[in-house]
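Given next, in structure tokens, is a single chain: the form predicted alone.
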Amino acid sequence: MSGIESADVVVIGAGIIGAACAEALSAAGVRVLVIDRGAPAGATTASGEGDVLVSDKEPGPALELAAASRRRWPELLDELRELLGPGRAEIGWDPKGGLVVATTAEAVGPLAALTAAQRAAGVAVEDLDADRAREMEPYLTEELTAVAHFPDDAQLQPVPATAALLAALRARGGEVHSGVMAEGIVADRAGAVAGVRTGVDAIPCRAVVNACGPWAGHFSETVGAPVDVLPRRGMVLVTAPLPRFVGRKVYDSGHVDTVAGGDAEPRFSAVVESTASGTVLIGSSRQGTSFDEGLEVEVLRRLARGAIGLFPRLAGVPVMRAYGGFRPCTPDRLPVIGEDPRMPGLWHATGHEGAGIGLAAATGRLLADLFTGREPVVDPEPFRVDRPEVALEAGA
């Protein structure tokens, strides 16, 4: 592939995770090149809602990574504005907070236990009565049994955020190439990474970051260091504009179990939030572990019913469209972040499932910390590549 020079690191995948890793590496002085078989932010990132959440994580490594990312995003945005100027660094950052809602007596205890554990872990959370909750969200259902307010939940626009991260990379001398397929890795005599094969050509480098999202498992298998990352589909409904209908992210208390669920069976929970244009996004679903693009009407019906259960006034509101995307899923529901001990120079940053946009800032920082030998932003051990739940035998 003529015209592409060598790099210290080649990042494969120009979604928000790959872009965040590339930006963080370049900020640390590493010469980075990003390649993608499609357009930047054109796959999983484009189908994301832009959530930056701490409310949907139980205490543990995922919550620690989420909290670090929530702290990092505003800092990163300031750095991008300083480097690029405000006009090129607008990512729609909205620290609007979120509400987690219980609507049955049975859901009160589990929500109270979750919020107590999150509070003990340092998450800001406020218990609300029904009147206070409806002051914040006037169109909420009357069937409220418990409500928790998470002021640190936020939202951004995934595609502009990815574009800003890649613009920062370019501003530091890095490169981004679309329409380039990574077909394998060139290894030296010791078995370490020496380049990336792209058809008949190769890009010399000393490290590769597998940020291929739902396709990360396939790429890792191709290069002989497989990790157990599979696609899991999610669907979203988009209503006609309803200005000032909902001001925060609102979801039912069962959503945390849906996020943490470890099986391949379809899982659903009611999630409602607005966009800057006034449309309302309705989720969420998690289905299967394959690249099945079939549109299931019953899934859309369940999403609509769940949203109406939270906001009865949504009944009869026109749905403009439905869209879906594939998310990279691991068996233990934790991302894979770090160097692969089976192949020196091969790094992975994947497996974030539906939380990749929110977790991107800390993921990029953690990978850059590990690559440069700095003190890691969070404990990297739970995300290591060779943990038994994720690492697979070659050819298995």
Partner chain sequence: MRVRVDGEERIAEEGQTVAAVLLAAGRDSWRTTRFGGRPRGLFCGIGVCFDCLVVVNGVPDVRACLRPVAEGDDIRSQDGAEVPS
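The structure presented is a predicted model; accordingly, all values stated were derived computationally and were not measured. Numbering follows the first chain given and starts at 1.
This next part talks about the form predicted together with its partner chain, which is not shown.
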>> If the cut-off is 4.5 angstroms on heavy atoms, which of these, V123, V317, A107, L77, is the one near its partner chain in the model of the complex?
In response: V317
>> Test of understanding: in the model of the complex, would A117 fall inside 4.5 Å of its partner chain by heavy atoms?
In response: no
>> My question is simply whether Y139 lines the interface with its partner chain in the model of the complex - judged by any non-hydrogen atom within 4.5 Å.
In response: yes
>> Would you classify G97 as touching its partner chain in the model of the complex, given a 4.5 Å non-hydrogen atom cut-off?
In response: no
>> Given that its partner chain is not shown alongside this chain, does H218 nevertheless sit within 4.5 Å of it in the model of the complex, heavy atom to heavy atom?
In response: no
> 197-205, 144-152, 67-75, 309-317: which one contacts its partner chain in the model of the complex at 4.5 Å, heavy atom to heavy atom?
Replying inline: 309-317
>> Pick out the residues of 215-246 whose heavy atoms come within 4.5 Å of its partner chain in the model of the complex.
In response: A240, P241, L242, P243, F245
